[in-house]
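Okay, here we've got a single chain as structure tokens, the form predicted alone, with questions on binding and movement later.
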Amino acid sequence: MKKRIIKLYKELIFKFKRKINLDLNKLDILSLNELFNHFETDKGSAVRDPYSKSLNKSHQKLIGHGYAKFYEFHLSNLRNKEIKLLEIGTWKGASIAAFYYYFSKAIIFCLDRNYKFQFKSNRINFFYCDTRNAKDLKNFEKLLINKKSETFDIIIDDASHIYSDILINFKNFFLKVKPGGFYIIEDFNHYKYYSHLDDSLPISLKIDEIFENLKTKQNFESNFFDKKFQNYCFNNILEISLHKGIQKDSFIAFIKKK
């Protein structure tokens, strides 16, 4: 009961919190990387560390994964089309703001399990959701039905980066990618660099090994992907492209659906 009251309180605060209305702000920035850097998302090539506690920005370390060139390579043909995009894990919404300007006709949905989101627009739909919570997922499904948006051209997982979360999200959301669309996993190797993200078992396949088996249509043992889902992937994945970004832990996967 206490958790529910706290959540309702946060929902109320979020509802009335002042947000930046992107519909009222015009930008003459064409490059996706410049948009990433402008809004200070680590998807860009060089931004100040958003997690730094230093009040002096000049002392903050410059970071950035440099993912823009991969996004543009795979998705530039969708830039001016009426697409639907979902990002799982939005934090304050920096990358959503960048995508809002890059995909000028996109309807955008965003999920997170906090209420830090800072933007609003007629084209943006923020929804509180813990993707491990069945009730939250069910409520999100209802929202999609009401919005007539059960499938997406682009789904991006930039959430916890925990090993199991990455796989659970893929199983839950890859089904919602339209034919010809993309499921994108950012920072898929983070669990190898940060022990608190690694909840894999000693016998678990590494994520890049799972990608290879999906590519080659080889069944494998998994606590998360049963044979039915593996076969669905074999029949519906056109290609898997893995890219290395700027930082040592910068890895991104583009999974294209047939």
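The first residue of the shown sequence is 1; numbering continues from there. As the structure is a prediction and not an experimental result, all values here were calculated from the model.
Same protein, other form: the form predicted together with a small molecule, not shown, and the subject of what follows.
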Contact of Cys129 with the small molecule in the predicted complex (heavy atom, 4.5 Å): yes
Close approach of Asn189 to the small molecule in the predicted complex, 4.5 Å, heavy atom: no
Proximity of Arg123 to the small molecule in the predicted complex, heavy atoms at 4.5 Å: no
Non-hydrogen atom contact Asp158 with the small molecule in the predicted complex at 4.5 angstroms: yes
The small molecule: the contacting residue among Ala106, Ile185, Ile154, Leu111 in the predicted complex [heavy atom, 4.5 Å]: Leu111
In the predicted complex, the residue from Tyr163, Phe174, Trp91, Phe140 that sits within 4.5 Å of the small molecule by heavy atoms: Trp91
Stretch from 75-83, 111-119, 174-182, 146-154 whose residues place a heavy atom within 4.5 Å of the small molecule in the predicted complex: 111-119
